[in-house]
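Before any questions on binding or motion, here is one chain by itself as structure tokens, the form predicted alone.
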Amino acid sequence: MSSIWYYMERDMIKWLRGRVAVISLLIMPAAWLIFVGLALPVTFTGNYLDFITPGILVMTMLASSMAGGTLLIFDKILGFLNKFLALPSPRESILFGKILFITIRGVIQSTIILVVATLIGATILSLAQYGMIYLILVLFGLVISGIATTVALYVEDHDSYAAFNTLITMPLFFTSSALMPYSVMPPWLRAIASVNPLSFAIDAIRSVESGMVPFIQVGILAILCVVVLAVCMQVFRKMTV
């Protein structure tokens, strides 16, 4: 655990020293929420802020987790990864340290979104509901950050990973249930959104907002998290740089 913490602390210190990166990562999700949640003339739902906030939360975790793969890319390019692999600490600690940092960063951004959403008119939930929302976001973030970090092992440079990130992130968001309910989607979009992993997490958070406990969704996310992390561990154990 100590080695995982040190790897996480290293990335956290590096992130906090880049003030522009910190400020932009905290402002952008809030800007999405304000401009989309307040600017769109929506008639298909009562409080659009309550509807869109889960989508912005999940999108934030997706973007933060996918961007986390660049951490490993730069470690490869600068030669740090080779040095880390030569240390006596388990290789998995590199993986879990980065995943822990990426998830914490996403949770910080999500907290900003929840605060802003409350300030501009979203419904205030109970502590138990907020706790369940954070659980869903953390599980989702662990899954995506595990996949992103593993993919980064096989990408040669930052530009290639940035192209992969854009190719995955934006189509997933715009074909999910983040911006509109299934009932107003055209049939082709409804079919895609129903199998979109983002929609799965978004719908789970909306269930929490409506007072239900999404046991099935949380259970599936937990199982998927264990499977993804187990596969990532095997990849890291066998990797060579």
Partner chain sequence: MNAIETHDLTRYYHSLCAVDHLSLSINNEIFGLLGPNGSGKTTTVLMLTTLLHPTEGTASVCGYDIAREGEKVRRQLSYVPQEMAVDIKMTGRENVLFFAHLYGIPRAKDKTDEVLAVMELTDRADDLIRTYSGGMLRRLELAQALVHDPAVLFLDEPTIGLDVAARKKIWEHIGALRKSGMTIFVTTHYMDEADLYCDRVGIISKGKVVALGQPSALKSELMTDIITAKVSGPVSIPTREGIFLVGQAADEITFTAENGREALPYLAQALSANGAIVHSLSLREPTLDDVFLHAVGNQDEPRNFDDHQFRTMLRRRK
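Residue numbers count along the first chain shown, from 1. Not measured: the values here are computed from a predicted model.
One more form of this protein should be noted, the form predicted in complex with the partner chain, which is absent from this view; the next part is about it.
Contact annotation: the partner chain lies within 4.5 Å of heavy atoms from the stretch 82-90 in the predicted bound form, the single such stretch among 135-143, 106-114, 82-90, 119-127. Contact annotation for residue 219: none of its heavy atoms lies within 4.5 Å of the partner chain in the predicted bound form. Although the partner is absent from this view, residue 227 stays clear of the partner chain in the predicted bound form, with no non-hydrogen atom inside 4.5 angstroms. Residue 13 belongs to the set of residues with a heavy atom inside 4.5 Å of the partner chain in the predicted bound form. Taking the partner from elsewhere, residue 167 is found to have every heavy atom lying beyond 4.5 Å of the partner chain in the predicted bound form. Not one of 51, 185 and 197 places a heavy atom within 4.5 Å of the partner chain in the predicted bound form. Scanning 5-19 for heavy atoms within 4.5 Å of the partner chain in the predicted bound form gives 6, 7, 10, 13, 14, 17, 18 in sequence order.
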